[in-house]
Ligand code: CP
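Just one chain follows, in the form predicted on its own, and it is written as structure tokens.
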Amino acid sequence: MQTYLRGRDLIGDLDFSKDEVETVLDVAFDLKRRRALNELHPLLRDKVLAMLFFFSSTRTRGSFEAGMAQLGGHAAFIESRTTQIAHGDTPKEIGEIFGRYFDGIAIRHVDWGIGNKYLNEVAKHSRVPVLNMQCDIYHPFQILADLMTIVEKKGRDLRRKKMVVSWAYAASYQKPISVPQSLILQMPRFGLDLVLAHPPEFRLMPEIMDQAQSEARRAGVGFEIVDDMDAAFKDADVIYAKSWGALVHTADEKQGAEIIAKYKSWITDERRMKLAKPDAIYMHPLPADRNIEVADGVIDGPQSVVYDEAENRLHVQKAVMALTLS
């Protein structure tokens, strides 16, 4: 166990070593146990977290607010449009000033080409930890919750388990690519053989792909890229299928929508789930476009773990906050 994470930022998935992520999981499981037993655990009494949102949220806001309260602290919800950011407050000002008001700064900023740069600039000028609630490149807390869920369902030894990270059709908008990118960075480190499936236009950032393949080689696990959803699902242990935008191909919303419309058949339905192993689990970070991205029979079916996955956001976030803000 790595026992000194105090003061650390968590912006990218590889900011924490594998051993440090193991520590986060150990603490998260302990905090989950304590909550189940109704044991008080005010590890961050009188600490205050700034939660700065540039992008709306359901699970992220709810889980961070609840988590800070359960740890004995307080989370201040701040929407960017209610601040003076549009009128001149720079990332330097936010880092310098919020770093003096608060004990930690959590930010969600997914604007393509902007979000991650913003978080890093705030962190450069902050004297307190900066936590990434999702940017345009990474979604580390979602992936920590995903990893915790997979460990709960498949055991701590994940070697020889096949995980599919697949694009899926959704017509709502060009969704961020941060979830699949974080998945392919983190999961190989824990022994999962990874298959990444997507149509040609939905490739991920080349530098992230290089890092992910390097992590897979280091861990001695498989990393395959395919453009066939059926082939990817075959004999899988874990199915993680969600939509993301063709942002690396084009950031234009109209062009992106036209590309997305070409692949309406990329849906996770009961037929596809039967291609995976009988005990395969279905995962999604939510919200999902029902009967477009995933069939009701899958997301509401016995193989779905989406609500356990959503709950585990609470526990891993509490673990990271307890370790970094205390």
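On a predicted model such as this, the values are computed, not experimentally measured, just so you know. Start at 1 and count along the sequence shown; that's the residue number.
Although not depicted, the form predicted together with ligand CP is the subject of the following passage.
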With the partner left out here, check for me: in the predicted bound form, does some heavy atom of H139 sit within 4.5 Å of ligand CP?
yes
Would N38 sit within 4.5 Å of ligand CP in the predicted bound form, counting heavy atoms only?
no
Should K318 be classed as touching ligand CP in the predicted bound form when contacts are defined as heavy atoms within 4.5 Å?
no
Although ligand CP is absent from this view, report whether Q70 comes within 4.5 Å of it in the predicted bound form, heavy atoms only.
no
In the predicted bound form, which of 41-49, 27-35, 279-287, 264-272 comes within 4.5 Å of ligand CP (heavy atoms)?
279-287
Residues in 56-71 with any heavy atom within 4.5 Å of ligand CP in the predicted bound form
S56, S57, T58, R59, T60
